[in-house]
Structure formats: structure tokens, C-alpha cells
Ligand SMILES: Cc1cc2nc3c(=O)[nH]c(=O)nc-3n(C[C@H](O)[C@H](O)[C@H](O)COP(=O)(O)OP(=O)(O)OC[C@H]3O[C@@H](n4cnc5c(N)ncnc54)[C@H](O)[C@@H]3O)c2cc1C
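One chain is shown next in C-alpha cells, namely the form predicted on its own.
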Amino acid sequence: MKTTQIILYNQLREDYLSSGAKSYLYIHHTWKILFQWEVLNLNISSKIIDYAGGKNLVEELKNSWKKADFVTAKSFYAGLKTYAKKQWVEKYILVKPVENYVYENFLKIWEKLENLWIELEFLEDTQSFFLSHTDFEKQYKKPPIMEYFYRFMRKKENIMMNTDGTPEGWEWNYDALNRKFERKHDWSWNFSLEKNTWLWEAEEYYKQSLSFPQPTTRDEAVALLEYFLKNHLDTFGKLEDAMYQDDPYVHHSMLSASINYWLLSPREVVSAVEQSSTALNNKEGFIRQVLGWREYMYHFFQHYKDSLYTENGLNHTRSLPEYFWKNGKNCSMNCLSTTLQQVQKENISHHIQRLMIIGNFSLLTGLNPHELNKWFFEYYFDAFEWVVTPNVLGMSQYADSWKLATKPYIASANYVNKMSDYCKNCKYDPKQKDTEDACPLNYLYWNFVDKHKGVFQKWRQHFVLKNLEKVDIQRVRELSKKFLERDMV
């Protein structure tokens, strides 16, 4: 039986190849795709990485005397049907997609291929994560608190552990050391890549260039990892949450896309950081992001994927303002305007900008969480369903009926002023609470608390409710209403 393995965009290394295949096919999906009953316009930068990465892998396979082909098609099914007819393929095999909407698409393709007398066999993905979801469900009936899961994974993988079963340094968490902001700070990012042949071809195909130096080959991804270890890891921890007007990446690794597309494995990245000579707070802070949060988000999503898209816990329905979709500079708040313009230009930002600037503003203004989720998909090149959806609907927008976070992740201007230099370039005053020139985050914060008092009562946030009593709530409501009518269009 002539068998061909389908290689997907998140499988850009030979690790995924099956010995049962006689040939390999990489299909670059070029058309729009349905996502939760809507058309999803996948981010063009992500498509460029997909195209260039797939072309490079296919050429590597050919150079090692394997039969491999790269095709572009408006749909996966169209590509498979045409290829099978030309190559007389009788059976396709496919490592199960990590994104659920892609997997559901292939289940429909499976039925169509059966009508053509072509088999489609799914193989389990044993590469993309430390723990298979099957093993996760054997360990847990439902996702536990993330901290407990993180400790379980540290023990299971023997990462940063002493021989007696205690954590290295005798502390599980170094967050207290990783929330610094230094006012004197210089531009820190100095990584560049020479465009490879396939990247040039991909950019020409899409008539757009990557504005961020993102790897599309294994060697480039390794170079980025080595650059991070040498130049940024030693300062990553303490400035992990810091935000700067003129240094958008600070000391973050920017490795998420390379890991998600499998140019790097999460295991090798964690191992490289663990074996480095950097301080414990840097090691633990980074490893928590990959071994803890990344891993947890995948399993959380897989467990709750059937309900997440139907929930809107706070009944937020406001449409995203126009400046989210284009020209973020029309937003009057510098923190949000700066972040949106960065995302619109480079299709990337670090996790605190996502959570505490975009997410915080969206939650305080009552934006529709599902529209926001779609926005993240369309604007970030490292956006994969299993990580975006639980982070946006759960962690950021508190829309998942309290499954992930125990309280809304909200903050006033005090947090932004403390952890960034955005406020010094803003027309609003972060220290004013209820004046015309007060930062909107201040009165929007108390407007949110007032509107959702029941949520804070449920989670026994008595100190927040006590402080609410000191607020001129009528004034807060007036200012909030005025801002929402003026700036949210």
C-alpha cells in the first residue's frame, strides 16, 4: 500500500516522521479557514513562517534521499485529493494536530477521503509537549491549580530538583524576585537574521515581509536560543514583567513561535536553561513559563475545549474599538496605543503587555472576549488555539465561568506606572482617580469592581470591596460612561 505522511506546520523537524511512510507531503494552506463558525484570517507573518519552514523541511528531506513534496492549496482536502490522484496514494498518515479546529477539519477530510477509497490514519503526538493529554487525564480528573501541576511536572521530569525530592534552592517559586522595574534602561535586543532562500520566497508569495527577525529553520532557531542564553537570561528574571516604551522585548526570549512550530522542542529549551550558570530566579522564572504555564494551557484547553467557546462569564459584549484592528495610535492611552502599534507592526509582544495592557483594558471596558480571542489569533504570529483561547477567555477575560483564574486579573494605573515607563509619555495622570485628566484605568477599575461586586464577594476579596466604599462611585460611573462613549468606537 502506497503510504504518504502529511506534515503539518507545527511539525517542522524530522522528529515527527514515521517509518511507515514511503513519501512525505507538506501542504501549505493558503485560504481562509472556519473557526468557531467564523472565517479566521490567519496572521500573514505566521503563514510566512509556515511556508518558509515547510519549504526548508521538504528540501532537507530531499537532500537525505527521501521523497518529499511541498504544495500550496486552498484547503488541506484539495491538496490531499490532487496529490493522491497524481501519486496514486492509497493511504495518508498524520500526527494528530495540536490545534482542535485543525483536528476537526481533518476528521471531516477523513470522511471525504474514505469516499475516494483512501485511508487516513492518525498517529499520537508524543513530541509537542512533555506530557501527553492521555497521561494528564490519568493523573488528574480535571486540571488542578497550576502551581500544583507545575510542581508535579518538576518532580516528574526531575528539573531543578535535589536528590531528596526538594526543589533546587528549596523554593518552588521566585516570583518575588521577578517583579522589578528599573527606570534607567537601555535598548537590550540585538538579534538579527540573514534571510534564507525560503523566507525570501515566502515573503514574495505573500507580498509582505517579517518585521521581526523570526527563525524559519532549525539552525536559526538554535541561534536565537543561544543568543537568549548568552545575552538575556541573566536579566530575564527580575525584568520579566517590566515594560518599556523604547524596548518592547526587554529580556524575553521571543522563542514561543520556534517552540510552537517545533523548530525547537520545549524539552531542549528547558534543558538548556536548567544547565546554564544563571541565577535560580532566572532559571525558575523561565522554566515556569514553558514546563508550567505552556504545558498547563494545553491540557486545560483539551479538557475544557467543548465549553470554552460557549461561555461569557461576565456577559461582556462590547465590540473592539477600531484602533484594535488598525492604527492603534488613535487610542488616547499611551500604554495601550504603544502596545497595539507594536503588535500591528510586528505581530508580537511579551506576555505582560498581552495580559496587563491589552487584556486588562479589554476586561475593564467590557469587550467581547470571543471577539478579542479572534483578534489575538489574527494579530500574533505565535498564536495557536490551545494557548491563545485559554489565556484570553480564562486568564485574561475571566469568561470561562471561573475555571482557570480564581479572580479577575485587573489593575489600575498604579500597576502600569510601577512596571513601565508608559505613563511619563501619556496625557493622563496615573495618580489622579476621578478627575478629567485621570488615567482611565483608575476609574474603569472601580467601575468594574462596582459592576461585578458579586464576583469579588464570591472569592472573598473583602479588601477590594472595602476600598470601594471610599470611592465616589457616582463620579466613577460618569467618567467611565464618558470614556466608553468617546474612546470605544
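Fair warning: this is a prediction, and the values are worked out from it, not measured in the lab. Numbers for residues come from their place in the sequence shown, where the first is 1.
The next section is about a form of this same protein that is not shown, the form predicted in complex with the named molecule.
**Item:** Partner-contacting position among Asn282, Thr339, Thr217, Asn260 - heavy atom within 4.5 Å of the named molecule in the predicted bound form
**Value:** The residue from Asn282, Thr339, Thr217, Asn260 that makes the contact is Asn260.
**Asked** Among the candidate residues Asn196, Thr235, Asn100, Gln289, which is the single one with a non-hydrogen atom no more than 4.5 Å from the named molecule in the predicted bound form?
**Response** Here the answer is residue option Gln289.
**Item:** Option from 290-298, 87-95, 69-77, 118-126 whose residues, in the predicted bound form, bring a heavy atom within 4.5 Å of the named molecule
**Value:** Of the options, only 290-298 has residues within 4.5 Å of the partner.
**Prompt:** Is Phe376 one of the residues lying within 4.5 Å of the named molecule in the predicted bound form, judged by heavy atom distances?
**Reply:** Contact with the named molecule, yes.
**Prompt:** Is there a heavy atom of His351 no more than 4.5 Å from a heavy atom of the named molecule in the predicted bound form?
**Reply:** Result yes; His351 sits at the interface with the named molecule in the predicted bound form.
**Request:** Answer with yes or no whether Glu371 is in contact with the named molecule in the predicted bound form, where contact means some heavy atom within 4.5 Å.
**Result:** Contact with the named molecule, no.
**Asked** Is Leu364 close enough to the named molecule in the predicted bound form to count, meaning some heavy atom within 4.5 Å?
**Response** It does not: once the named molecule is placed as it appears in the predicted bound form, Leu364 has no heavy atom within 4.5 Å of it.
**Prompt:** Counting only heavy atoms, which residues in 392-411 are within 4.5 Å of the named molecule in the predicted bound form?
**Reply:** Residues within 4.5 Å: Val392, Met395, Ser396.
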